[in-house]
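Take a look at this single chain, the form predicted on its own, given in C-alpha cells.
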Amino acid sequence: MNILKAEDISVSYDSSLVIKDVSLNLNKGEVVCLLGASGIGKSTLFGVLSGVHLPDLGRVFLKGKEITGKAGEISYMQQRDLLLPYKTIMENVSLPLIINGASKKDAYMAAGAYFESFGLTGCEKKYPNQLSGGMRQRAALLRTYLFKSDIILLDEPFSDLDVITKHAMQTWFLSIAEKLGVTALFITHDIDEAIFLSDRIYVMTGKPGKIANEINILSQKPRQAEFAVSAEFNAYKRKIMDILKNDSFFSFVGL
C-alpha cells in the first residue's frame, strides 16, 4: 500500500533552485533511504514532506490525501535528538500525547508501554544529560513514533554516534521497525548505512538535487552484521558509487 507520495517537487531559495522535479513514494512497512551528499537538498525535501515548507512546484500525498504545506501530518525527527534538558525521559517522550489532548497519567501509561521495546526501561525518571548518545536517540525515536505512528521521517539520526554505537543502533532500529510495523523515510549520506537499513534507496545527485536512481535492496530482513561484509552488499555499494562518481559533490573523494 502506497502511504506517502511526492510528485515533481521543486524548491528554490533566493532565486537559486535547490531541488528539481523530485518524485518518490513510500509503501507501508518499508524503510526507504534518501542518499546523497550533504547540501544536496535532502533536508529541504523533508521540510516539504513534513509540511514545514511549501514547494515552488509539486504536491505531497499521504494515503491518497493531499497534505502539501500541512504540518503535523507526519512525524519528523531531525538530526539532533532535541530532548528538553529540564524534563525527564518520560516527560519528553510523552509530550506528543499530551499535546494531542491526553492527560499526563494516560500519556505516561501509553508511553511507558513502549519503554521495554525501545530499551529504555529504568530511564523513566532520568534526564537527557544522564543518558548516552545512543539512549537519547532511542528516546527521541520513541517520542517521534508516539507523535504519529503511521510514518516517520528520520534526518540522519545516527550521524553523531561513534561507529560501534551507530551500527548497534542501526541493527536495533531494524528490529524495532519490524516489530512495530514502522514505515520510515531515512536521510543519510552514508552509503553503508543506506544499504544496511533499506528496502529501497533513492540516490540524489546534482545541483539542483534530483533523484538519479532507485535501487531495490533484495536481502531479506532482519539483516545480520555479516550482511555488511558480504559480496551482495559490496555489489550494491559499487552500483551506488558508479551512480555517484560523476556527481560534483563526491568528486573530491575520487569515486
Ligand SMILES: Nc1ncnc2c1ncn2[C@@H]1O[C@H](COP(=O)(O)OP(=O)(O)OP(=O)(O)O)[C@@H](O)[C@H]1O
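All values derive from a computational prediction rather than experimental measurement. We number the residues from 1 along the sequence you see.
Below: the form predicted together with this ligand, not depicted.
Note that among 24 to 32, 41 to 49, 219 to 227, 54 to 62, the stretch whose heavy atoms approach this ligand to within 4.5 Å in the predicted bound form is 41 to 49. The contact with this ligand in the predicted bound form, taken as any heavy atom within 4.5 Å, belongs to Glu156 out of Glu91, Glu73, Asp150, Glu156. Though this ligand is absent from this view, in the predicted bound form it lies within 4.5 Å of a heavy atom of just one residue from Ser103, Gln130, Ser175, Gln79, which is Gln79. Each of Val18, Ala37 and His189 places at least one heavy atom within 4.5 Å of this ligand in the predicted bound form. Residues are counted as partner-facing when one of their heavy atoms sits within 4.5 Å of this ligand in the predicted bound form; in 10 to 28 these are Tyr13, Asp14, Val18, in sequence order.
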